[in-house]
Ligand SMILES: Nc1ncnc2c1ncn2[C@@H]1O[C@H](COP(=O)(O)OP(=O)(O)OP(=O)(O)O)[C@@H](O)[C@H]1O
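As a starting point, one isolated chain is supplied in structure tokens, in the form predicted alone.
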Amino acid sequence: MLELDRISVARGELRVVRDFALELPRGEMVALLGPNGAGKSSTIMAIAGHVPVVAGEIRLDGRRIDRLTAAERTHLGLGLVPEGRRIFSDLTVHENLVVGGYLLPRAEAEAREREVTALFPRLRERRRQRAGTLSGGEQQMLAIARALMVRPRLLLVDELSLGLMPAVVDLCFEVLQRLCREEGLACLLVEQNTQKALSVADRVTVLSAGRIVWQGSAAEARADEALIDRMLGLEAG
């Protein structure tokens, strides 16, 4: 589904990710871990088309996408749940979902809204409520549901658990795992809750100072409790 072929990512004049390589098949969840400043979010935003790739290639289902706009990547089946949620606070839950499904014909968008709110019933209950008045957990549900409106084949999720109660985090990850297992969704996850990431991911990639320092299965990482702790203790540079 997703191939990152030795990409390097720049923020201004600074290369924050170097020679990053990854393959993410359909139906799999990969966790991207690392200390602050390691380049995790920059990688996510580069895949989504919001940060430039200065070397290497990004391919989605074999098609090169690193030269496409963010909107063009969305058309091809890429969804993004950004850090901080970035919902439209002044719009209702329904209106946020309409924005998320802007690519769809009206009847299909209405059907898709029913599907994504079935995943998060609390959103259905608050359909006419302004998004800015929702709890933090409800806003995160809305951010995920909005990204799911276009039926993405690849979902990028940046810091899902940040500031949320454990029960909400569990619910959100259960939904994502179900979509990976039942619908073949591919998910790349940046997550500061290491233990939670290891419990839900299939594989793990650890970044430090913009470079990969370890890749392997989540089962390998769980079997060696000190392994990821050592990796996350590396200096970010």
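From 1 onward, residues are counted along the sequence shown. Because the structure is a prediction, the values reported are computed rather than measured.
What comes next is about the form predicted in complex with the named molecule, which is not displayed.
- From the list 167 to 175, 193 to 201, 32 to 40, 52 to 60, the contact stretch for the named molecule in the predicted complex under a 4.5 Å heavy atom rule is 32 to 40.
- Put simply, Val16 is close to the named molecule in the predicted complex: some heavy atom of it is within 4.5 Å.
- Although the partner is absent from this view, Glu159 contacts the named molecule in the predicted complex, with a non-hydrogen atom inside 4.5 angstroms.
- Not displayed here, the named molecule is approached by Glu83 to within 4.5 Å at the level of heavy atoms in the predicted complex.
- In the predicted complex, no heavy atom of Arg222 sits within 4.5 Å of the named molecule.
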